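This document starts with one chain, in the form predicted alone, laid out as structure tokens.
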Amino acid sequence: MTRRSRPLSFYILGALTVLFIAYVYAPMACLYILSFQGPDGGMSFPMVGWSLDWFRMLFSGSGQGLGDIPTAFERSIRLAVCVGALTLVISVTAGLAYRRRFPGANFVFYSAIASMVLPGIFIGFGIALSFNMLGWQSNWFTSGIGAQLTWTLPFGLLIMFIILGRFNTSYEEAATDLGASARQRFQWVILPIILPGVIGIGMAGFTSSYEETMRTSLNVGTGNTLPMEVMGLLNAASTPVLFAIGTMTTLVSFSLIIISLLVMSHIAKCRSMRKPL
């Protein structure tokens, strides 16, 4: 049996994909390598020995060029958890609401989407100015969360539209015919089916919040988030501890992604075996 040869376009597209992946990850690989720079090493190659000194400095919370990273990291995590949870809840409820027509639906939709294309710095400035006019003090729990939701909610809403667009309503209709109430249909039929996508919305909200700076910088109040603290350190006397921060941040991000994929895989496996989650 002769093997069918692949067309030339397959190899061209494959080469472009490899180049794209190399373009994205090669700079990050340099960052990871430089985070193991020796104690006398600098911010660029060549390597002056190998050590874990910059990671020790990072975890000890004190040293040159470290700034207030531990506090900024804690503030970023608190903010990302709150924004991720709110993005999940609001996006799911808004997406379900859009399954039926209501007055002003188009206006609400385009108003939400508009915040994706407007410059973030002006949205952040507007929120900060509004708080100032109302005499309210800006802090991460009020204006900070509000500013970041203007960035994460449009994405969550669009993801929810995609999820519901693929949802087979015959399952819901069967539950209705069997006498299920609205709460029972959502709890036992809709939510288990859309749960992987819902987890994805929460993760998208968390990671988008974790790296956001333009809207946050004017609304987080006293103290910095981690991206703001790192940006400040870039203008000061920098040390390879910044690379150690990048390496640890990447590890945390990939860990969350892997955990999410494992949870989604478990859900899909239970669904295929018709077992409870």
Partner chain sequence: MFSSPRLPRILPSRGLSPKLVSVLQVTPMALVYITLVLVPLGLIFVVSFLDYNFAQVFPELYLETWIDTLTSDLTLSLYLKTFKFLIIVWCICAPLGFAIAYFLAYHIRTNWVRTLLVAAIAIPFWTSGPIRMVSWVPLLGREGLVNQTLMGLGLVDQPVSWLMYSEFAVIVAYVQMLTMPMIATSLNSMAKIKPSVIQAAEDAGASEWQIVRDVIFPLVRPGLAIGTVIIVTAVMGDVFMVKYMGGSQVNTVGMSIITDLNAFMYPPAAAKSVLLLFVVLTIVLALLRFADIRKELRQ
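Numbering follows the first chain given and starts at 1. Everything numeric in this text was worked out from a predicted model, so none of it was measured. Think of the rigid core as the biggest set of C-alphas that the two forms share within 1.5 Å after superposition.
Keep in mind that the form predicted together with its partner chain is not shown, yet the notes after this line are about it.
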Between its partner chain and 9, 231 and 245, in the predicted complex, does every residue show a non-hydrogen atom at 4.5 Å or closer? yes
Going by heavy atom distances of 4.5 angstroms or less, which of 195, 96, 77, 85 would be at the interface with its partner chain in the predicted complex? 96
Of 191, 108, 81, 199, which residue is found within 4.5 angstroms of its partner chain in the predicted complex when only non-hydrogen atoms are counted? 108
Please run the contact check for residue 255 against its partner chain in the predicted complex: heavy atoms, 4.5 angstroms, yes or no? no
Just checking whether residue 45 would be counted as a contact of its partner chain in the predicted complex - the rule being heavy atoms within 4.5 angstroms. yes
Determine whether any heavy atom of residue 69 comes within 4.5 Å of a heavy atom of its partner chain in the predicted complex, and answer yes or no. no
Does residue 265 make contact with its partner chain in the predicted complex, using a 4.5 Å heavy atom cut-off? no
Using a 4.5 Å cut-off on heavy atoms, which residues of 200 to 219 contact its partner chain in the predicted complex? 211, 213, 214, 217, 218
Rigid-core frame, C-alpha of residue 255, shift of 2 angstroms or more between the shown form and the other one: no
